[in-house]
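Form predicted alone, single chain, as structure tokens, below.
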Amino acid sequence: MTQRLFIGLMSGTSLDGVDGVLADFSAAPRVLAQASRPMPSELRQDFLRLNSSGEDELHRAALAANGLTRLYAQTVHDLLEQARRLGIDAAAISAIGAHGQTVRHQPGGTNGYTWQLNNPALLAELTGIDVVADLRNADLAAGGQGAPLVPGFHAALWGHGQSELGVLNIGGISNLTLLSPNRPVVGFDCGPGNALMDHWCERHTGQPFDANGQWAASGCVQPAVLERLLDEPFFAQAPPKSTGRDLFHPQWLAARLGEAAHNAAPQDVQASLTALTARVCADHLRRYLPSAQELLVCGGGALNAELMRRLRSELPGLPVLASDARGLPAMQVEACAFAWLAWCWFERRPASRPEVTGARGARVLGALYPASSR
């Protein structure tokens, strides 16, 4: 059987870096190589500033897109070096699936839009490989949310068994996929994942994230603080729904914390933010798939031991496992999903899930930017 090789690139809401995989889709999805590059601090700050309006915004956005694209290209070259050692020539790789960095997500209504900063033509030029990008707008044009995109991949990977399964991706934002035999896929954003925790940790410790959740574990959840954080209408909103830093940003957090921002110990607020992510994710699973037999966790949140502990505490008796236990490491799932989306484009397979996004129908997602060397 001929190999169908694709690269997937992902830089998520957490803004911690770029993850890339080289995957083979000639049979069941199989990762052949993995590479990661940290997000430079200056580029990360550029993206954080671009989440709200500011002076000379279009110019700054274009520069940030170019900076991210060059980081993507470096990640691709890391993958190509690994491929070379495996005896795989770059010419055997059909395309790169490159999502870009979301800086605005305002779906819904006739003027809904989503904006991912990327320069796929530059990426094709720098790598010599075709690029599939602009992966959300076809669904948005069909009346959908354009997000989340990964439930289709979760279904392709784990949706063929007879058990009822939840797949929870915890990046900057958390999203949940619900898989049940002989039923449509359900998927939606739950709310904050790591974004608020990362912001609070960086503000008070200077570290970009709470490694392994150790700082949160040193604090105590403040019930009154947690209740204020939970008092957000998005959490009760029925799917289809998606969100991002447009809603869950530092100003939202400051307004919710109020006096607690000054009166509570910073590590207690961090513990409460960790509890918030766990509670919101668990509440959505209980609400929409109470008969779940297992919860797989992927994304950076799967590496946070304190967050995983709180998820297990919220869901007693339910196996809560990192996706590594089911064949795909937690930090490879999203990048592999974007390789899969590129594969779907080449196969002309609709990859959107209207039951997830609310679109009028399934759509082939993405646009091709061919490399000049091909």
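As the structure is a computational prediction, the values presented were derived from the model and not from experiment. Quick note: we count residues from 1 along the sequence shown, nothing fancier.
As for the form predicted in complex with a small molecule, it is not shown, yet the points below apply to it.
Proximity of Leu303 to the small molecule in the predicted bound form falls within the 4.5 Å heavy atom cutoff.
The shortest heavy atom separation between Asp189 and the small molecule in the predicted bound form exceeds 4.5 Å.
Residue contact with the small molecule in the predicted bound form: Asn212 places a heavy atom within 4.5 Å of it.
In the predicted bound form, none of the heavy atoms of Asp130 sits within 4.5 Å of a heavy atom of the small molecule. Of the stretches 117-125, 77-85, 252-260, 171-179, only 171-179 has residues with a heavy atom within 4.5 Å of the small molecule in the predicted bound form.
Contact with the small molecule in the predicted bound form, judged by any heavy atom within 4.5 Å, is made by just one of Gly299, Gly97, Gly144, Pro148: Gly299.
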